[in-house]
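We begin with a single chain expressed as structure tokens, specifically the form predicted alone.
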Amino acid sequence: MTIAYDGTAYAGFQSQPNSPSIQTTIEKALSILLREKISIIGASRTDAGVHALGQVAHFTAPHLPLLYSLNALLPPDIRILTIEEVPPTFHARYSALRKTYYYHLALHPDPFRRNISLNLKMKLDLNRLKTGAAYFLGTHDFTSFSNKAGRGCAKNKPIKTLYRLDLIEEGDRIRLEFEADGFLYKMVRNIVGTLLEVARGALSPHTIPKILQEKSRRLAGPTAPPHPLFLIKVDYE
């Protein structure tokens, strides 16, 4: 199934012991509808406060649930967009070929978009930002941009290929579009935080190759806030 959600009220996609999550909320609705315990596996474990327009998850069930009935059991900040049958070999996470994330910036405070964009309080040099962004393209070890460098994917598979990092200007708003074969924990937000340091003149764009090479999180910029980040789509064969 393909899922859209506003992550503001949730502790992320993955189930948490004492906090609401997207996964737990959907599993409860599916279990009620299908009258048996259902577990789902998501393509991306989005962080607390992160949103999605095209999250993908898979589950095993005796039959396909009705889309309308499932959405009727879910809160309004979670919508199931599609449900379809897939081969048994399909895995939402491991079958994914590419993922696309957007990060939204607002050059002027916008009260109506404050939960989905970062209202910037500093002046940015967009040329510096574009110069810095170009260094991230290609295949690199992104350990310096992971908050969990010593475990999980960051330990076992830190090398990722970033196919695209585009800066899209729309009036007083900026959208950073990331497309890669995978992302480490908080990788997008750490890249954004580093690029903002570059854009405000606190860091030279030409130091980014050295930061990548050193594999040290302390050399990169701060982690950008989660609320402007959207998982847009996951690509499969």
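All residue numbers refer to positions in the sequence shown, first residue = 1. Nothing here was measured: the structure is a model prediction, and the numbers come from that model.
This protein has a second form, the form predicted together with another copy of the chain, left out of what is shown; the following refers to that one.
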task: Identify whether another copy of the chain in the predicted bound form is within 4.5 Å of every residue in the set L124, G201 and P209, based on non-hydrogen atoms.
output: no
Listed residue that, although another copy of the chain is not shown, lies within 4.5 Å of it in the predicted bound form (heavy atoms), from L66, L53, I32, A61: L53
query: Taking another copy of the chain in the predicted bound form as the reference, which of I116, A106, A96, L162 has a non-hydrogen atom within 4.5 Å?
result: I116
query: Any of the heavy atoms of D166 lying within 4.5 Å of another copy of the chain in the predicted bound form?
result: no
message: I'd like to check something about R79: if you look in the predicted bound form, is any of its heavy atoms closer than or equal to 4.5 Å to a heavy atom of another copy of the chain?
response: yes
message: Residue-level question: is P87 within 4.5 Å of another copy of the chain in the predicted bound form, judged on heavy atoms?
response: no
query: Based on heavy atom distances of at most 4.5 Å to another copy of the chain in the predicted bound form, which listed stretch, 201-209, 182-190, 44-52, 23-31, is the contact stretch?
result: 44-52
task: Check each residue of 210-237 against another copy of the chain in the predicted bound form and list those with a heavy atom within 4.5 Å, in sequence order.
output: F230
